[in-house]
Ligand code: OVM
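Encoded as structure tokens, the following chain is the form predicted alone, with no partner shown.
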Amino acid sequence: MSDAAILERSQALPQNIPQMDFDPYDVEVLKNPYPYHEMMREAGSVVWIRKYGCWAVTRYEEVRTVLNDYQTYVSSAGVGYANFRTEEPFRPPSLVLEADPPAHTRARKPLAAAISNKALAQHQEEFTKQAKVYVDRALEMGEIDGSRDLAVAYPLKVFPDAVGLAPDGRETLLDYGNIVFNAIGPHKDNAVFADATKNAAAVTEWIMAHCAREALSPGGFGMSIYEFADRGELTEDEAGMLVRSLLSAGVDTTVSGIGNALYLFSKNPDQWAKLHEDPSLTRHAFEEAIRLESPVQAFFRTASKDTELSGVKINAWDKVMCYYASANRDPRRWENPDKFDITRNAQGHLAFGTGVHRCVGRVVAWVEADALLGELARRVKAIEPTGEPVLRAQNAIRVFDSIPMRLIPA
């Protein structure tokens, strides 16, 4: 939509429609989004973002409604700001994230099979072993960067190993994820996107080469996906695309989720004391952490027809920005929503989404978090912050580049 068209549409909206004048992709907003989420939640159930000519939903019920109605609010027009129905896609759409049933169902099946509970069980022993290795190392260091030394290092080891990826150059996976998730936001005049994509050609070449069939070791999740191509259920190119999708689902959001949990524990020593006293709360604690600090902040859907949401008329092919992170702090759904409480029942949070597009990689995040946070809970008495955390400005993911901390052994 052109600037002139956005202005015309904004001026034509009924006066009772709340219109927001801030830029959701301003660096300062990305780093401290929660006051803006609250402002939108309290303004109305559906609000209009003037700068981008799109709708936003920030309350729990409305976000959940949009995500669950995949026929009215489609993913195939792109889950970012770009509208694949009104403009040429800037890259091939994701076979899973940017597809609707039945095409989505066909592509999701190989991913679900590759990382099923049965498949993950074969790697559980190695995940647990590596968690011990990384916690041993962290305790020897004493003062660590919780992001670099644990939240990044551990998933970047265990999950690519399980996929069957070669060990060289795995840091490129982080660059690839940064490109993928920053592309969710606007591309024009967006410094975050421009910075993330400056080496896009080299990064894409690396990821495509390393996810090809001949580059993967046998017995891993990656080759499991290529078996679907062998049976004629996927093409060779589709299998490669799904391996790349698998790595994004299993690395970037997991890095974010574990890092955000460590950040919250460093700021809430009473909650770490509870977990240390009872490590069986590890899964509970992780779910609460990603409710409060959601790895995915927001994805888009696109209206497939003229429709109405909470009394607001939405036109066919309008973009609708769904704020997972805001829904997870909506006081209409959660008591004391801004409080980190590992005994809270966080069931129903939207950090993994909901409906047919609920994150397929969530099972990986659970297994990795259980292994690493559980090992820490048993062996670390206290986590003390030793400096200010550094939050990355990212268009879709909430992730820390640095979390300075000291581990006090039990």
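We number the residues from 1 along the sequence you see. These figures come from a predicted structure and were not determined experimentally.
Although it is not shown, the form predicted together with the named molecule is what the next lines describe.
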*Scan Thr197, Ser245, Ser76, Asn190 and let me know which has any heavy atom within 4.5 Å of the named molecule in the model of the complex.*
Ser245
*Which residue among Ala325, Leu173, Ala138, Leu97 has a heavy atom within 4.5 angstroms of the named molecule in the model of the complex?*
Leu97
*Counting only heavy atoms and a 4.5 Å cutoff, which of 245-253, 219-227, 314-322, 276-284 contacts the named molecule in the model of the complex?*
245-253
*Are any of the heavy atoms in Tyr154 no more than 4.5 Å from a heavy atom of the named molecule in the model of the complex?*
no
*Contact test in the model of the complex: Phe299 vs the named molecule, heavy atoms, 4.5 Å*: yes
*With the partner left out of view, is Tyr263 within 4.5 angstroms of the named molecule in the model of the complex by any non-hydrogen atom?*
no
*Any chance Arg91 has a heavy atom within 4.5 Å of the named molecule in the model of the complex?*
yes
*Taking heavy atoms and a 4.5 Å limit, what residues of 148-185 are near the named molecule in the model of the complex?*
Val180, Phe181
